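A single chain comes next, written as structure tokens; it is the form predicted alone.
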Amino acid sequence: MRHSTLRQLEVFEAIARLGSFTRAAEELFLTQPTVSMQIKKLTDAVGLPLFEQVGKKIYLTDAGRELHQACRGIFEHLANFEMAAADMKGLKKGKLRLAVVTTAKYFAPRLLGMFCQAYPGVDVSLKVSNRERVLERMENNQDDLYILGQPPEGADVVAHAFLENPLVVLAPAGHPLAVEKGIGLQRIAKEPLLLREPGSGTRLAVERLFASQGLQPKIRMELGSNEAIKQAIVGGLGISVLSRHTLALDAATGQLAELDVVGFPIKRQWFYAHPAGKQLSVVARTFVEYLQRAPEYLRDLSCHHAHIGYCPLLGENESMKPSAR
């Protein structure tokens, strides 16, 4: 293995990640014969087969899986060194890999855009997925940081709150409850409820609230995205509980109404997290420092929600008056 080159390991890592010699060759701008030759040399050095082919699919052998883990560690250490060296030169360069739950897509790209403007040398990768997939990525240490509404319980994870994430009850604008005040949760339990899939952080919070009052919600439909739920609300299929952040692009249309329900909004926070013991790169540490001022950065941007008295990205207590900005 001491005679193996970084190029051979790079080729191997690409094949393992993409599951294809052809796709790896395309990504690395190499010919397929060159890729095959590099893998043959690496296999000879290891002394064990690294891949096995079943039908048209390529799988890692036990030795291949061990080598893949080692490769990820090697390339991560090299990337951290490059970032540290750039930092010593007074620069901020490198990669930031961020994975966020689906609801965070309403503000994460906005924050990343401002971050990249401040640090143009940083290359950002953003993965948006459901909570279960994000937790899986965290367990496998696939990214630098993770943004989610509820840190995993019992996991060896470091998590810090950085932004409010209030959950509100949404209904069609013409719903009879839209003009009522102080609506009890018992009344809401009688309405057809649209919820995210089991395991969603928002759904967990809703189920806990109903259970705490001995109520059983009348679940009409489970949908896999906030956008689908909002369309179902507008279509008159029921009401739902969603993060106020999901209103970021809809408040101006007037199709959704936030109901005045006792116990709402449910006070929650957005968290950034990473596995305990993970050594954050220079760029990741810089982004963490940046996140600590996220409410200030979002407030300083112009907002098209001024006519409704608050910005869904900031929460219910943020005034939109110029004097408060």
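Remember, it's a predicted structure, so these values are computed and weren't measured experimentally. Position 1 is the first residue in the sequence shown; the rest follow in order.
Keep in mind the form predicted in complex with 2-phosphoglycolic acid (PGA) is missing from the figure; the text below concerns it.
Checking 43 to 51, 285 to 293, 268 to 276, 61 to 69 against 2-phosphoglycolic acid (PGA) in the model of the complex, the stretch whose residues place heavy atoms within 4.5 Å of it is 268 to 276. This chain appears without its partner; in the model of the complex, the one residue of 101, 188, 195, 138 with a heavy atom within 4.5 Å of 2-phosphoglycolic acid (PGA) is 101.
Shown alone here, residue 244 lies farther than 4.5 Å from 2-phosphoglycolic acid (PGA) in the model of the complex, counting heavy atoms only.
The shortest heavy atom separation between residue 131 and 2-phosphoglycolic acid (PGA) in the model of the complex is within 4.5 Å. Although the partner is absent here, residue 94 sits far enough away that none of its heavy atoms falls within 4.5 Å of 2-phosphoglycolic acid (PGA) in the model of the complex.
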